[in-house]
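Here you get one chain, nothing else, as structure tokens; it is the form predicted alone.
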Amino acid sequence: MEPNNLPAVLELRNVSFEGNAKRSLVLADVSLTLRQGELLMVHLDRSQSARDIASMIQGLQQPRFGEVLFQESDWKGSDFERHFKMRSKIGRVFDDQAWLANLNMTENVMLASEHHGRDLNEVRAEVTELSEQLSLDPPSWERPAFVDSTRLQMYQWVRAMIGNPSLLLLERPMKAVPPLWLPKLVAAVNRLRQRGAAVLWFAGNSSEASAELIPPVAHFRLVSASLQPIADLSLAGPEATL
């Protein structure tokens, strides 16, 4: 990406990390800076999972070495109130859906916002507006077990993007979603970025590198625990939808 002078949203400084799961991505002395409005897309292969790294970025796991900064603040120590406020500014689409089976979809989508003390009337209005932009019926009283996999995944988009997050983490956001819905996701991501959000997108398919994504966008893959830029997107990853 071309260098810019906008504030950094996410910084990894010489980070080495190894997650708990066999498929977790491994990092060795990785540094990167993601600034307001920037999008970095990491193209995964089928054997890779970004879940532990995304948790590390949210301060839920710690790197073995190095430092993770969100808006110039670290996740070290036991200042839970500061970490709670930091985490409230990060939206996330999980590789697995992380729905609570005993709550309906409305309650599930709004749960994180409620947890962070937001006005629920405002949250409902945002959920309705974003659902309409995605051509999706707003979440209702249905329990997750009775909602089809495509809508479940798209409700993850809604949950991640309400509250105007400063950082959006997308782990295989098109998983279980037909490609025809990609332009809706891209448009929503573009709107967030135009408001200053930075986006880290872990792609499960090279087709997610939409030409409609506004610049600046950079593409990488993780090889031998280091991020390597991709010059030819046709070699970025599997063609089949995961």
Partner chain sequence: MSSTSLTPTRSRGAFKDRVFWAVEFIGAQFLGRCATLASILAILWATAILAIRPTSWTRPVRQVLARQLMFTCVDAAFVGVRFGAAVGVLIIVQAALWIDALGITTDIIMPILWKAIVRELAPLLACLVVIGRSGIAISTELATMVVGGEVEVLDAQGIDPMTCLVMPRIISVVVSVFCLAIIIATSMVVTGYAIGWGMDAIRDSWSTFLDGIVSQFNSLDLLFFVPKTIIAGAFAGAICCIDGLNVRGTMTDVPRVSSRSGIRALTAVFAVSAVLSVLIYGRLLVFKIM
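The structure displayed is predicted, hence computed values, not measured ones. Numbering follows the first chain given and starts at 1.
What comes next is about the form predicted in complex with the partner chain, which is not displayed.
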**Asked** Does the trio Gln58, Phe94 and Trp99 actually contact the partner chain in the predicted complex, every residue with a heavy atom within 4.5 Å?
**Response** yes
**Request:** Would you kindly say which of Asp74, Glu129, Asp79, Glu107 lies with a heavy atom within 4.5 Å of the partner chain in the predicted complex?
**Result:** Glu107
**Item:** Candidate from Thr150, Asn164, Ser88, Gln133 lying within 4.5 Å of the partner chain in the predicted complex - any heavy atom
**Value:** Ser88
**Prompt:** Even though the partner chain is not shown here, does Glu142 get within 4.5 Å of it in the predicted complex, heavy atoms only?
**Reply:** no
**Message:** Just checking whether Leu103 would be counted as a contact of the partner chain in the predicted complex - the rule being heavy atoms within 4.5 angstroms.
**Reply:** yes
**Request:** Check whether Arg193 has any heavy atom within 4.5 Å of a heavy atom of the partner chain in the predicted complex, and answer yes or no.
**Result:** no
**Request:** Tell me, yes or no, whether Ala125 is in contact with the partner chain in the predicted complex, where a contact means a heavy atom of each within 4.5 Å.
**Result:** no
**Message:** For the interface check, one of 198-206, 58-66, 179-187, 32-40 should have non-hydrogen atoms within 4.5 Å of the partner chain in the predicted complex; which one?
**Reply:** 58-66
**Residues within 4.5 Å of the partner chain in the predicted complex, restricted to 114-143 and counted by heavy atom** = Glu114, His115, His116, Leu120
